[in-house]
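Before any questions on how it binds or moves, here is one chain, the form predicted alone, in structure tokens.
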Amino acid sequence: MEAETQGDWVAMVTARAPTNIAVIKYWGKRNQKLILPINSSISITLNPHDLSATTTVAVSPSFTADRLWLNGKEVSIEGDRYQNCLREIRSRATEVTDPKTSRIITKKDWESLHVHIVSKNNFPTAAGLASSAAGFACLVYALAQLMGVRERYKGEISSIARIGSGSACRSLYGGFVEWDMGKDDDGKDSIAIQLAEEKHWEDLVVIIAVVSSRRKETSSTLGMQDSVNTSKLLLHRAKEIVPKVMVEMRKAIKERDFATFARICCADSNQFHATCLDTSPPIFYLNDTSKRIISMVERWNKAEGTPQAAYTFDAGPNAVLFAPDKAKACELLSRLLFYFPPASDKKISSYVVGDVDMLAFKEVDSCFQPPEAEGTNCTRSFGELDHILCTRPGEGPLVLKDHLVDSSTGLPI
């Protein structure tokens, strides 16, 4: 926390929080206001260096209103989700002493101080890459640090992030995370729990094929509501199927059993999108490129007789692919580059991005035809992917030293 010593002081905290990708999906709410899910879910937190939100929260007696800037533009902060998060954090604020100036901000002060929030993502917003999860997790974590909020019982901050964006509760932990749907009407037991740290399965590699970075046509919020109201398959999945596969997936993660992990992950993704099709009107998050990626992985797995890679798709066309180790990840990346080479005007260095060095991948490896493609009518689709991101499981939120707010003006830098 920093504060000005002259005139109207400004106190601020900056945090970074990762996004996460669900391998057992949450889709549908039993309580819209509290964002209580109809089923539990399991996710993997992704490396924040590649996919994260960074947020600075600042307070000052000179601020006349709560304000929010997102990715360089000021937007309204009057939405229920922002207001609910602010209200819950403020209600738990404690007396805080600024370590630099010894200024004391009392619990009563927090009731009247307005907050400026400046946030940015290092990946596209509302494109099916869980930007809201990273954003609200970062907001709640930063506010909690600023206002001296400590968890009085396990999961309290997690439950506050949840009312901003359901999957945000999972982004408050690194590694492998379960969101327990809970049973209580007030939602206090609907919290995220870390199953394992990111280093537990450090060989696991994540490759994201970004099919489109455009804003998706049907938001997750509206899509879930329509599915809950109209899809019989969704209700069967939540009640009969998910509880069983949750047990299997926990065990697969604990034992680092990639074959079981891959089987459940792919099946759950396909089932989730089947419920979207079972919705009235049907929801189409996958496109033809998404389907070709699924076929690529299924063909490879079938040819080898055991899972070589796994895929999952959230509410968007982008593929999140998993490989059990670096060697398989290189083979997976080579297949992506064979079937989905970059457009002629795009360099490989801007097409394959992220933690590429961990794979020791060389451009020369990018053009071989995989054995399972021989004798098939396979096509190469140039320019259908925007880019390919190589990453891995990552850590949870942390406080940063560099801020997005000018301490002399309280406005974005």
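Since the structure is predicted, the reported quantities are computational estimates derived from the model, not experimental observations. Each residue number is its position in the shown sequence, starting from 1.
Not on display, but discussed next: the form predicted together with a further copy of the same chain.
**Q** Pick from 112-120, 279-287, 333-341, 69-77: which stretch has a heavy atom within 4.5 Å of a further copy of the same chain in the predicted complex?
**A** Of the options, only 279-287 has residues within 4.5 Å of the partner.
**Q** Name the single residue among Leu204, Ile294, Ala93, Ile105 that comes within 4.5 Å of a further copy of the same chain in the predicted complex, judging by heavy atoms.
**A** That would be Ile294.
**Q** Of Glu151, Glu298, Asp180, Glu197, which one comes within 4.5 Å of a further copy of the same chain in the predicted complex, counting heavy atoms only?
**A** Exactly one residue meets the criterion: Glu298.
**Q** Indicate whether a further copy of the same chain has at least one heavy atom within 4.5 Å of a heavy atom of Tyr82 in the predicted complex.
**A** No.
**Q** Would Lys328 sit within 4.5 Å of a further copy of the same chain in the predicted complex, counting heavy atoms only?
**A** No, Lys328 sits far enough from a further copy of the same chain in the predicted complex that none of its heavy atoms falls within 4.5 Å.
**Q** Residue-level question: is Lys188 within 4.5 Å of a further copy of the same chain in the predicted complex, judged on heavy atoms?
**A** Result no; Lys188 lies far from a further copy of the same chain in the predicted complex.
**Q** Does any part of Val245 reach within 4.5 Å of a further copy of the same chain in the predicted complex? Heavy atoms only, please.
**A** Contact with a further copy of the same chain, yes.
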